[in-house]
Every structure is written in C-alpha cells, then in structure tokens.
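Presented as structure tokens, the chain that follows is alone, the form predicted alone.
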C-alpha cells in the first residue's frame, strides 16, 4: 500500500509540474502584460546623465504612452533641450522633433541604433515595443526566484541578443543585458518597478554603457493611468505644434 501511495504521489506531482511548466514565449508574454496593463500612462521623468568621471547632468521630460505601440517623449528642461521630442508609432515608425529646426524628421532604419539626445538609450530602445513581437525567446537558465531568457531579434538591428532576467513571482523584468554582433556585452539596464493601484510601472531605470562607462538614470514621478489619451496626441501634427 505504501508503495502504491508513493507511486501515485510521484505521478501526481509529476503531472502537476508538467502542467505548471511554461514556455519562454509564455513567460515573455506575461512580462509584456505586466508592463502594459493600463490603456495609457503619463509621467514626469527626471534624467540624470553620469559620465566616466562622475560628472552629472540633469534633464526633465514628460512621457506619454497609449497601448503597446504609441509613445511620446518630450524634454521640458534645460532650455537647450526644451521641446525636443521623440514620437514612436506602430510598425517601427519613429520621428524626432527639434524646435531649432522647426520640423519633424523621420528616423531612418540606418540610424535607429544611435544614441538618443546624449542618453545611453538608442532610438530603438526609446520606442514602444513589446518583447514578444520583436524577439524569439528561449529559457537560458532558471533558479528559485527568476528566469533568464535569451532573446534573439526577429529582424536585424543593434543587438545580436538580449539576456532578460524576469522575476518568477510576478513576471517583473529585473535586468536586461545587451550584446553586439561580436557577442560582446555592451550595455546593461536595470529596472525598479513600483505598483500604483492595479498597475505596475518602471519607477527607476538605470542604463550603463559598458564601452564608455556612461550611465543614464531615469526616475518617474506623478504617474497617471487611464487618462483617456487621444490618438491625436501621438501624431506628427501634434509633435510640431
């Protein structure tokens, strides 16, 4: 009898473990869902730039996003950057507006890997994109608290791969490690999430360029969800008004 009970127990927990197993794509999809649970979000952003000699510059901006693929980022200070804006739209369409030129410029695919306004994020990094739509994931490793997914871009771009660490308890992304085409790690992003009501958001994003030893820290405040943002906000016409 004890042997039968033991066998049944092993079978039960074996089946239970199999039903709980998740594919890399399912894990990544849940991480995407954590990030974009609200219909829209607005927030103020403080950007601190730190060079290799520990010299610092501070800027401020407003960020608005609707759904997974519409994002507007606009600097509000200092005066030399005020009004400089970045618009990200579906189908990998991006625009940059600089008040000194008085008109928008569409970002060509060939320059999307260039740094945005002196930060450690490229134009591609700044765009609103879901992980699962843009990467093919596999589970690289796993421990009691997190998964590490290896993400391979579906289309050729700045990175050959990204290693994304995701917390198991709530699917929160913790860290992203970026590799160039020679498989050298060139950049690391670390995420600190906070929860407001039912929604998660990135409270602090720290990005370090390993080649230049330059760091960008972005801190969010005055975060608001589901404000009913109009599609008209995310247009080239609004960008230049």
Partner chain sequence: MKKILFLVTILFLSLSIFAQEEDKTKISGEFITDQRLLLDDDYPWVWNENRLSLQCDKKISGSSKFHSDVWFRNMGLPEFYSMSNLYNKTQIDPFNIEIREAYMQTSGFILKNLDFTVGRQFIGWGTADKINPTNNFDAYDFEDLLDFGRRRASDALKLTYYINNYFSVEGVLVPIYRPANLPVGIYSDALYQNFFQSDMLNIIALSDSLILPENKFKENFSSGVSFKGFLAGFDFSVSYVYGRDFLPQPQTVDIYPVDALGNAIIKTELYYPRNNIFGFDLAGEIKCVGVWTEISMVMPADDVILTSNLHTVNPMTYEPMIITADSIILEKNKLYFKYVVGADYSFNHGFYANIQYLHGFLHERGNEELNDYFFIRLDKSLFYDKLKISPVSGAFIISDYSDLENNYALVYYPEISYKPTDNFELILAATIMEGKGDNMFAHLKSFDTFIFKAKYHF
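Positions refer to the first chain, counted from 1. Small disclaimer: the values here were computed from a predicted structure and weren't measured.
FYI, the form predicted together with the partner chain isn't displayed, but the following is about it.
### Task
Name the residue from 167, 115, 129, 161 that puts a heavy atom within 4.5 Å of the partner chain in the predicted complex.
When the partner chain is considered in the predicted complex, the option within 4.5 Å is 115.
#### Entry: Of 57, 196, 33, 204, the one that lies within 4.5 Å of the partner chain in the predicted complex (heavy atoms)
The option sitting close enough to the partner is 57.
### Query
With the partner left out of view, is residue 110 within 4.5 angstroms of the partner chain in the predicted complex by any non-hydrogen atom?
Residue-level check for residue 110: yes, a contact with the partner chain.
### Task
Give a yes/no on whether residue 175 approaches the partner chain to within 4.5 Å in the predicted complex, heavy atoms considered.
Residue 175: no, not in contact with the partner chain in the predicted complex.
### Query
Going by a heavy atom distance of 4.5 Å, is residue 79 a contact of the partner chain in the predicted complex?
Yes.
### Query
Would residue 106 count as a contact of the partner chain in the predicted complex, using a 4.5 angstroms cut-off between non-hydrogen atoms?
Yes.
### Task
Counting only non-hydrogen atoms, choose the one of 57 to 65, 36 to 44, 196 to 204, 23 to 31 that falls within 4.5 Å of the partner chain in the predicted complex.
Only one stretch passes the 4.5 Å heavy-atom test: 57 to 65.
### Task
Just give me the residues of 216 to 241, first to last, that have a heavy atom within 4.5 Å of the partner chain in the predicted complex.
Going through 216 to 241 in order - heavy atoms within 4.5 Å of the partner chain in the predicted complex - the hits are 232, 235, 237, 240, 241.
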